[in-house]
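Single chain ahead, by itself, as structure tokens, in the form predicted on its own.
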């Protein structure tokens, strides 16, 4: 029997199962195949032991399901968990040292960009390319479950996925009491007035938290003018440099500045679409609605 599961718009997981009762079928792992973001079919007959995980979300997920010891290399932009300091780096997010990867003799190379796929596959390596999650943060659970199946640690992955979804539901239930007339307007400045639009992970987080993104008409991440920010007058500002907003006289009459609601995110959890992302959502929710999270 063959079951086809749609995990996300990015890829399909096809699990091939033999004849078995329904309880056992739920635990069946191998063989299965993943159709990657280029439409290639990647087949797994056993769990890979030596993974080059060239993606921060993949690294965080593997450690979160207690499979981090399989990672033999990653890139230098990966900073969490602390154990990654001891993992060899074979490039940064934009440059991959193919020769170093080959020397490590991985049985799986996972990448978030198609840039390196031809070179890696031409070198005879097994490559799984899944485009990085830049919107639809809820598909994070699909990625968690995928890694559970790749490593054979389905139980741990399912528990983590369930916990992620339950935390989202708890946040939604608290935010649900906020009426539309009480909505705050918000802007995140990631630097030099570059801001996330509606079709980004942060845009979706703002929507979940029932706040109005004043840059909703921006596609992806875009740079907007100080004049536009002033005219749209956000109630809340999320920024890495709060002092800039308070010290620049141009912004003195912005509501967020006048009320002191200019915040720096307490952590980097919203920077990676991994298991910690939901904790980052809750941290932001507490900044916006402290009275709801007492």
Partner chain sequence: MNYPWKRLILFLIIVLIVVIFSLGIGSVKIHPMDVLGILISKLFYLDVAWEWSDTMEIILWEVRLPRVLLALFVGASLTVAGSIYQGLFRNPLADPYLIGAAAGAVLGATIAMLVLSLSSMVDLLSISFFAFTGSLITVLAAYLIARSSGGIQTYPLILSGIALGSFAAAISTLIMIRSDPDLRPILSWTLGSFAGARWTHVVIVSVVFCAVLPFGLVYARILNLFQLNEEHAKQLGVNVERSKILMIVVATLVTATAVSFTGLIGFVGLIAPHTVRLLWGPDYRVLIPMATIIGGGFLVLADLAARTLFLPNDLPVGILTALCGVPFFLYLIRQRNF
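Residue numbers count along the first chain shown, from 1. A quick note: this is a predicted structure, and the numbers were derived from the prediction, not measured.
Omitted from view is the form predicted in complex with its partner chain, to which the following refers.
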Can you check 30-38, 224-232, 43-51, 66-74 and let me know which stretch has heavy atoms within 4.5 Å of its partner chain in the predicted complex? 224-232
Identify, from the list 108, 212, 171, 218, the residue with a heavy atom within 4.5 Å of its partner chain in the predicted complex. 218
Of 192, 182, 122, 86, the only residue with a heavy atom within 4.5 Å of its partner chain in the predicted complex is 192
Just to confirm, residue 243 within 4.5 Å of its partner chain in the predicted complex by heavy atoms? no
Please run the contact check for residue 259 against its partner chain in the predicted complex: heavy atoms, 4.5 angstroms, yes or no? no
4.5 Å heavy atom contact, residue 248 and its partner chain in the predicted complex: yes
